[in-house]
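Just the one chain here, the form predicted on its own, laid out as structure tokens.
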């Protein structure tokens, strides 16, 4: 590994945060990672906007205008952008709403759904504008790598990052990859 610390940023868009949880499953290896890398925006740092980084890890798909803005910010600031998990790669579970018109989804959630009280569709102008479809991140920006899985295992994160930090092209052994 190199002497210079690399900067890593992470963000979760439309997803469940499961990829971040899996990343944290590298357990004590995070101390080894901290010796060669520092975190910019991530749940570990509470930094709101991504600065210039070497590696950006994005989990989740794109479902609203704020996701688009955040993703484009990451692309501008990260030398290497990585789609992490099924939601970032193909929209994942949130993309199931793509088979139902948005108005129908909102109606079922906020007007007609079981247990709905005081039915009304939220319209606060500070809420991000919903997109008609949930999109994978490659439809908005160029990505450099993908880590498949729902979520990718901690060993996938570790192998990928240690390859990059060592200056090697990342190679994930078949036994580490899964697409569930």
Partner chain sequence: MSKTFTLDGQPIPFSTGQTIIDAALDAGVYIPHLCHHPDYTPHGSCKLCSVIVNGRVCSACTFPAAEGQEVLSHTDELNEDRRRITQMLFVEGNHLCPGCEKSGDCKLQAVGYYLGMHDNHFVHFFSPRKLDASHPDVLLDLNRCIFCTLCVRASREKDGKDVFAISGRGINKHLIANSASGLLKDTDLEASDRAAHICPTGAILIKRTGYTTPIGARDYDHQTIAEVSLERERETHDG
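Remember, it's a predicted structure, so these values are computed and weren't measured experimentally. Positions refer to the first chain, counted from 1.
As for the form predicted in complex with the partner chain, it is not shown, yet the points below apply to it.
Proximity to the partner chain in the predicted bound form, taken as heavy atoms within 4.5 Å, picks out 130-138 from the listed stretches 32-40, 50-58, 117-125, 130-138. Only one of 11, 165, 16, 172 comes within 4.5 Å of the partner chain in the predicted bound form through a heavy atom, and that residue is 172. Proximity of residue 80 to the partner chain in the predicted bound form: non-hydrogen atoms within 4.5 Å are absent; the residue sits far from the partner. At least one heavy atom of residue 150 is located within 4.5 Å of the partner chain in the predicted bound form.
Put simply, residue 178 is close to the partner chain in the predicted bound form: some heavy atom of it is within 4.5 Å. A residue is said to contact a partner when one of its heavy atoms sits within 4.5 Å of a partner heavy atom; residue 110 fails this definition for the partner chain in the predicted bound form, lying far away. Of the residues in 96-118, those that come within 4.5 Å of the partner chain in the predicted bound form through at least one heavy atom are, in sequence order, 96, 98, 99.
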